[in-house]
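Two forms of a single protein chain come next, each set out by itself as structure tokens; they are called structure 1 and structure 2.
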Structure 1
Amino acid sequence: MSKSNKPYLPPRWLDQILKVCCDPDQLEEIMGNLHERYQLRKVRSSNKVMLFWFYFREVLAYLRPQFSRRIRIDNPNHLTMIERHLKTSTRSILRNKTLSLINIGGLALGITCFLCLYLWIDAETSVNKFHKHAEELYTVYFTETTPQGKYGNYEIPFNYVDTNMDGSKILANELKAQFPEIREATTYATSYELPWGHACTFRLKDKRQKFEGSVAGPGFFRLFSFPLLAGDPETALSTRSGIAISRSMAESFFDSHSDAMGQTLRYENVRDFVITAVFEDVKDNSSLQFDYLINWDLTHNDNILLSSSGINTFLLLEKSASPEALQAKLQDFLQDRLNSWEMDVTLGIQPFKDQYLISNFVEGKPLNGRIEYIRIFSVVAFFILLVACINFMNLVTAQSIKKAKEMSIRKVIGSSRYSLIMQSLTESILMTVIAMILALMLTWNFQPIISEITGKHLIMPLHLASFWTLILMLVVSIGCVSGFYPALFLSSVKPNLVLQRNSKPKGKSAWLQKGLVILQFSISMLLMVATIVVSRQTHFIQNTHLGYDKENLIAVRIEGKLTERQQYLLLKQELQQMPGIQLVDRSSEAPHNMGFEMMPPFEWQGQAKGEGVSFLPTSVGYDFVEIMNLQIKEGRNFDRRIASDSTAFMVNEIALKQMNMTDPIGKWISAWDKRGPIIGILKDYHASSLHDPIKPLIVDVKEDLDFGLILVKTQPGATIEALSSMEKAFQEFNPNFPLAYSFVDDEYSALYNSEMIINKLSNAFASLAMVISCLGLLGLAISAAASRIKEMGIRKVLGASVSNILTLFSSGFLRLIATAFLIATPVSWWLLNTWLDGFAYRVHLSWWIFIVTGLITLVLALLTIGIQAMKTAASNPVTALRSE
């Protein structure tokens, strides 16, 4: 068999778990099914993490009672032995209350962190997996190659496939007609009108409310499994006058969702829609969020809403279809239809269930995104659990003197090594069970906090067998991993040596213990460095001067009567005379997120042949520069007293650079079917996220556009007064539309939700990791003090001072902390530098971050062991020597 034909095999250790746990009569069928599905996924995706994760979850699903191997206990002596081990373990735990409390507490905290992160990761990875046809659903994206590089996007302009430019064809219909392996195709658009995404007004008699919705093709409910409470998926969006609404929207207008069917709602005060379906509220586990859906054909053919190109296309493939083969066919699909545009554009498809996690485009293809954070926190969860397990191993090994004596006596009276190992493992598993119970209680109480931090409604799935299977596997694996080495170490000690003199970890055991402490603190320091860097980057994002003033700036969508120029100007005049309001102006784009780039058709004086610039375009009012507090580097602002300014333009510095234009003032530029002079150069400002570099900007004046935003600048400290004024004014000038506003600084912060979540999570879990590490250090200090009490007594009798004892006691631990610092510093520098590379504007990794982290760890370590060291140094040596 050639290498290319070699079957893909899943992780062997997971197969071994199945072999151990599953019924032998069912094992062959179970493994056959799992291997087949694994190979199918492997063909579709090369993402090893996701392949492992899916296989891991499927293995967990088979660890249920109906598939499990029957355990028979034929010998009653086995039950007696288990009972004896449990009794002995309970006595041992109670006899060493302090160390047991530290051990169980540390383990409980570690498991709590793991479970909290598991809930979040599970919620993130389950998004869009609930659809019945999830495995056959695909989303279409396009890749455009330009001289500046490759760019990709999911939002494909519908007229790209229309050679007549009249918008009579859409990509979804074209693809379905051309390729028989496509079973269904639909169009979906949320950002169909500028500004991107907004709530629309619905009215029933005198009741008016705003809801956010989308437009979709008639086959939408055949592709996606959003449950319908009323209506038929085949006819829900089959008519232009039909609308499907959510349960909440139905109940807000009618007594119940069942009363809503067939009723009429007035939309944006322009037309009526008949309710043809009511669907269950869309849950958090869907990336498509909407309160209502209306028919795409209505917006497309009547042209009442569509004014942009932000349209998504989704495909449902036949089960027998090959995505790779379809991908190959799609390569030239657009190119063949865009020859006249001289553009290099190709199409691609991506599994829809992956789009939520992998949506950032690199070199024109979706390659990363939220999945990076999932990977990072999966590793963090594992490391925190590892730190807790290391604590356990270190503390049990540190108690080896007392345990070794106990084991030796058992050996002398006839216990086998197997029995001693089982006794030790029973004790560790019993402690793990107690820690797990505490962890479940803590996680249950932490659910609201984690939900608030992550912005997701997280609930422990206590009703799922797979969750309890995971808990069982954690208990067994943590108990065995944590207790196996101490069990082997203690059971191997020779009784005659132990009973003659004290014994403590030496040789390999001592090095292993030190190595585990170093690993534990290296992980904690790495997490602490990550916390500081993420916090600094988040602070940088929130406080960097963007080149404009976003404070006290309110945005309101232009709708209803305000789409009329005269009505808007009257409102503006009225608002500027009201208390609490400084300035009013308008913009076609949201000033904090101008992500709508355009290449053609822009021309300028002196443009070289083939030269092009991708601009961020915006149309504004005459007071835009003043209300945004923008700086003009050269030239002047728009002036309403100069008639020719209605055709004039302003560009920013980066645009000027890319246009290769010198002495720009007065030179002509052509855009939007008009040609006018450049009158001013704006100093560069951030018109989008700090993830992206500043892009070329082109601005013109248009106060007669029927879309966009009204921007209201309020006086500092007078926001409430200004909002009250706005409420009255909008009620007077636009009475059919309830006022809905947003603060620009809040909208800007929302661009960094992921970073905010990462910042809060890293703060919480880095602190807990350090607490767990210090708990382990405290346990080691207590054990060390107990084992060296005679040594310290003799040193004091021979004249050692308290400071000498303190130095001697602490120096060993501090050497371990120093070694951990040397390991953690380069590793954390590399990891954090890689993360920061995802930002066009970022903080720098300063040396003091690592020094501060080392000092904090050192101080915490000294505080942790200092009390025990002082207690040891201050103890009466006579008492210590007498006890020996």
Structure 2
Amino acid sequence: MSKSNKPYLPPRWLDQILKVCCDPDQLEEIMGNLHERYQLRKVRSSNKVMLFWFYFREVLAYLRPQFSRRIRIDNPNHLTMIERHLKTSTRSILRNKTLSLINIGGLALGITCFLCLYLWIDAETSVNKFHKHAEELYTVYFTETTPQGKYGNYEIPFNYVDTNMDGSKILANELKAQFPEIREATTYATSYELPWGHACTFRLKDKRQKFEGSVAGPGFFRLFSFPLLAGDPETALSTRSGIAISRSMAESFFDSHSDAMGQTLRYENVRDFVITAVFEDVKDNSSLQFDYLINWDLTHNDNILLSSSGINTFLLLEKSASPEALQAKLQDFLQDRLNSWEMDVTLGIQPFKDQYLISNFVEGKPLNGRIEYIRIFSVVAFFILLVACINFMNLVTAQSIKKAKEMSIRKVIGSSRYSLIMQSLTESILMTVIAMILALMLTWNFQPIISEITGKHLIMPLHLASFWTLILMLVVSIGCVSGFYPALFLSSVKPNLVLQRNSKPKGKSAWLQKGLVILQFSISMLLMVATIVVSRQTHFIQNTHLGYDKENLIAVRIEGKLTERQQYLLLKQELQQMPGIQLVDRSSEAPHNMGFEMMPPFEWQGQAKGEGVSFLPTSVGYDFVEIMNLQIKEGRNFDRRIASDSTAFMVNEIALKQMNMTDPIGKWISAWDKRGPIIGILKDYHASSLHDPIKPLIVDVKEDLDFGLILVKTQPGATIEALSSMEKAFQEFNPNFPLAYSFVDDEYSALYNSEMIINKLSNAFASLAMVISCLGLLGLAISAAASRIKEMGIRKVLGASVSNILTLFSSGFLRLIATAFLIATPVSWWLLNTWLDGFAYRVHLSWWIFIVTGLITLVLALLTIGIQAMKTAASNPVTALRSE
């Protein structure tokens, strides 16, 4: 034993933990035991780490319910105490009806916002995670380095010319043969040749219907877990004439999906497919969407669906494989085989489950995408919840005058501080529970609205334990966070001070309250500025003059008999004479999305060596400029009376600039197998989304265009007539295909789906945040009015006018809102500028947006406070002062 009077002491913080946790009655003995044991160990060993470790274990051993301070289930007093707390809480909630209503209402609104956003975020982040092998699925992307920079894409060139061997190879097959760590590989392509997926026609006897589908390698169902209702995943896509169709597609042709197996469907009137499998309809939570799947080899070898773009390669790795190692090997894979490629190309892999959220390429690597919006709205959800909690805290603190008296009396009577804190917490948790029930009901009712806004089918997962865990966690954390401070603050009040009527929240608490109000309004203003800017930008997108006329323009795919020139010309003639239709022409590309940028071979007169421009190429009919209402800056339009115009070109201003051409009319251009003069310069117009700058455009006339779109310009206001005319004409000239049309302006809007969603979401949530904040302010004003009613009474008696009192009463609050304004302005300016930078064409942040936001907030706040202020100012001082 140590001889010194001062024995060695173990780590003090561990003792502190015990002091907090253990039953005070047993503490003496416990601490005695621990310290004595520590001395004993110390004598035996001098290893400090071991000593600490032993002591730590000793302390841990005492952290059991038996010795703990509170949780004593066998003590019936605690049950009655909880019962009593609940009873008192209910009474107190009912006593202050207005404030409780504001409090619970605000909280319920906040939680509702949070839950709605949670539903959306949860749906977005769970996309593609349902696959059994989700963890081992990878997408191949490629990066090409050009003199202009690095570009990345998921769309893999599906074949490449092997310099050592003849013929083309399919990347998926090659990779699987080359690398043993790849268990399965498949090619997958949306079968489109247009920028939006197009539906293909299937026929069974007289039934004709259009469906959108994809082509996939035979291993598709081994990689992805789309459940099959009939058929074998191994063989579903192994034959060239086989087709796998969805349940609803099967049911639209047959009585039930089991009847469909082995039946034959005629495809695009050119070919028969035998149904080899029926799969369950693909749900929202998959980024691969298709009604049917056909064998990739078939399309590849028979050229019936030659896609040049939109082809993905997916890999399923062995569980033990290291994706990093494979990635490193892939870097070199193509280099050995691609001597003829001028560009520097490398391959990379990315987890498939991330592809939906992360699909933007920065410096050739996937870096962001939808995930940005998810992040933004996660923060928004958190902030809205925070605003609601702040309200709660503030209101409870604001009631402290009344409460402080109650607490003091309890204290004087003999309540312990612990029991006072528990009382406060019970009250706030009870209120949170009520708010949560309300919020769940509200969210239930909002489900369809949120689903419509986000374009996803969102349902509260009431059957999932994880959802209820979240709800429980929310209740506990909101209840504790928003109730804890007031509880601590109130229970620390010194009874003698309060009972002597010196009872305003002072010092720290007043500051905290002010700070919280400022924070709350900063967040609301930030959201409001964001709403204004986002909706201005979306409005700008919708209404910018694009340089062409997207109204009254209907697009129909060129298919079936219409691929024959003569048939098309007859249809055109017929259509143009029918009611409601102004003009008909063809284009190889969709007007709103002239998709594929092409690099050389483009040559032109006076081209410097090594100079190249990547063009958006379009082949059109003679009436294209007229139907699109394009402006010609210089030169003339295509003219069918001039024979040489069939080899002529038109370009836009940007193209001219990039080709470094002056005095262009009459100079030759060579593209594809044609060489001809430039006859006209088109004024620049937006041929793709406003995210991108205008690109060089080259237009030529192609009289035997057998793909692309038929564009129909309808007479304004005669859409219905025009459609019935089209129905008739197409039935006559292309009888085997049902008419499927789309409006160009709708398709244009669809380019901005995410922006539209953001616009609607931010509209909804910014206004809700403002409502919640104002509710909070209202609550504060009510309690302020209650606490200052005597002061105001005295002022009135001494001669203050109503307006004096109004100013006096409001100025404090208004100062807070002004401060919030000063904080919110720079923050929101910075955030929104960052967002707007994603657009090549965008609105500018004008000063008035901030002023308007400030004014709206001010007016709302004034209204909220004003009502209370008026009440106070107008009240009869006699009532207020009578009790003195």
Partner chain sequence: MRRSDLGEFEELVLLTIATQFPDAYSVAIAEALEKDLKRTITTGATHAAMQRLEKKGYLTSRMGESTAERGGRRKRLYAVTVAGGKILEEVRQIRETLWSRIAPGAIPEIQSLQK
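Rigid core here is just the name for the largest C-alpha set that superposes within 1.5 Å across the two forms. From a predicted model like this one, the values you see are computed outputs, not experimental measurements. Structure 1's sequence is the ruler for residue numbers, which start at 1.
Trainee: Two copies of the same chain, shown separately. Which of them is the form predicted in complex with the partner chain?
Mentor: Pick structure 2 here.
Trainee: Core aligned, does the CA of L860 move at least 2 Å between the two structures?
Mentor: No, the C-alpha position differs by under 2 Å between the two structures.
Trainee: Indicate whether K42 shows a C-alpha shift of 2 Å or more between the two structures, with the rigid core used for the fit.
Mentor: Moves: yes, 2 Å or greater.
Trainee: Just checking, between the two structures and with the core aligned, does H844 shift 2 Å or more at the CA?
Mentor: H844: C-alpha displaced by less than 2 Å between the two structures.
Trainee: By how many angstrom is the Cα of I17 displaced between the two structures when the rigid core is overlaid?
Mentor: That residue's C-alpha is offset by 17.3 Å.
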